[in-house]
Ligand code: C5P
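Coming up is one lone chain in structure tokens, specifically the form predicted on its own.
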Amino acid sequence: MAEGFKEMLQGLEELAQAFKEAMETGGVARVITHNDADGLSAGGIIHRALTREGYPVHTRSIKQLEEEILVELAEEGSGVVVFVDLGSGLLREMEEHLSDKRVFVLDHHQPKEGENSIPMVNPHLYGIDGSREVSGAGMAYLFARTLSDDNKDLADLAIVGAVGDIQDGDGKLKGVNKEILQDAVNAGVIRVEKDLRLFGRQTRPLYKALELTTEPFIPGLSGSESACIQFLRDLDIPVKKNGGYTMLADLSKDERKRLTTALILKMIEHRVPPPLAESIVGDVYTLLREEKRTPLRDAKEYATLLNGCGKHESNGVGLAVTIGERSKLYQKALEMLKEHKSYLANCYSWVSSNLDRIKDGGVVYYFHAGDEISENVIGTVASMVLNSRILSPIKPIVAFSEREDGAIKVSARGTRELIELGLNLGKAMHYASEKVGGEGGGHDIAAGAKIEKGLEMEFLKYVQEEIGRQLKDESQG
């Protein structure tokens, strides 16, 4: 990574210089980012960094970058547009619609092949894996750090983004993320320690933390309050201690050891690969500037809160939190977090009741949720189904959901084992989308698309064709 990282930093230097020159003519910098935890963190970083430089900035978070949004931007007065955590798939369209503007792209998704004139820094172009080694927020942070060393205190938000993108799936961050983490530690904004990687370790009763943990997914426990309470009782770990609910921090050394061993064994019994099961223990990240016993104190909870805002289409609320708002909008974000977790719990129940709707297509599993599961969380549900190991053998999964505009949202998810065999869902989504006139792309392990209703099975045919080719080529190689 060292040489590629050095070259990428040089690319960021050049991009930052070009950006500064573009801003000399005055006007507002228009920042467009994604609406998930990574994108919102990235937007917060860029907004704060540009504001510190004295630049007027307007930041907008969107669900998906589509050509219609480029048309909107073309009609606006701003002469400088920065795309962060998105944009790599629409470079040709940017050239077409935004030719009279200065456009800059900071992204970590797989870029489309082909020449273009849009200034972009993307880790994939430097031999760095953007799905595991650096997130969109990480790219935003590196750009901010290039503008000024004073922005190193924003490294904590970059870690929130990386965790939100599950780039700590192996129990720790690696690659460029590790470099950024060191910046955060050196700046005194993050503490790293080994612990059980449970959701709500700082704020929730232990039984609730087990129930709400989905990364990694704990088969038989995630999503089931009663099962988690019984699980603790079977381990002789009290649900309540000293008149209050038992928190993870309340466990004795022996209790923590029993709990850890039991969780790993439970996952392995449900066919979860041992390395994934063991990732229930790993690095956890405490944001030292945030108040204790609040969701923002823990990187995983912070990321989930941001996802809750994005999934419930309160993007502006999530952005406000990353920029530093801690009053009314923050309280609204807490409500969104509660709604988000409650809705996901309902989705767990839906999956359990509709296992017959998950079909084996040969190369992939697939299911169509219609309008019964929101397009905003269909990817999360697909991950949950795959990681629960209720399907055997393990294959990629493709999920369909109806959008409010009548189109179909597609989400595809894979596993680390499948990636090692050659799976690349980003390429599969892009290939199949082009075949049916849609839009798609993403990472090797997680990708998505938008297609017209009625084209689902045709789209699926092309997905299976491309994935079959990927896995066959690898096995022959």
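None of these values were measured; they are calculated from a predicted model. The first residue of the sequence shown is number 1, and the count goes up from there.
Here the subject shifts to the form predicted together with the ligand, a form of this protein not shown in this document.
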- Sole residue of I32, I445, L70, L50 within 4.5 Å of the ligand in the predicted complex, by heavy atom: I445
- Task: May I ask you to check whether D165 falls inside a 4.5 Å heavy atom distance of the ligand in the predicted complex?
- Result: yes
- Using the partner position in the predicted complex, report whether S411 sits within 4.5 Å of the ligand, counting heavy atoms only. yes
- Quick one: does K395 come within 4.5 Å of the ligand in the predicted complex, counting heavy atoms only? no
- Task: Please run the contact check for N315 against the ligand in the predicted complex: heavy atoms, 4.5 angstroms, yes or no?
- Result: no
- Of the listed stretches (350-358, 139-147, 190-198, 106-114), which one has a non-hydrogen atom within 4.5 Å of the ligand in the predicted complex? 106-114
- In sequence order, which positions of 342-360 have a non-hydrogen atom within 4.5 Å of the ligand in the predicted complex? none
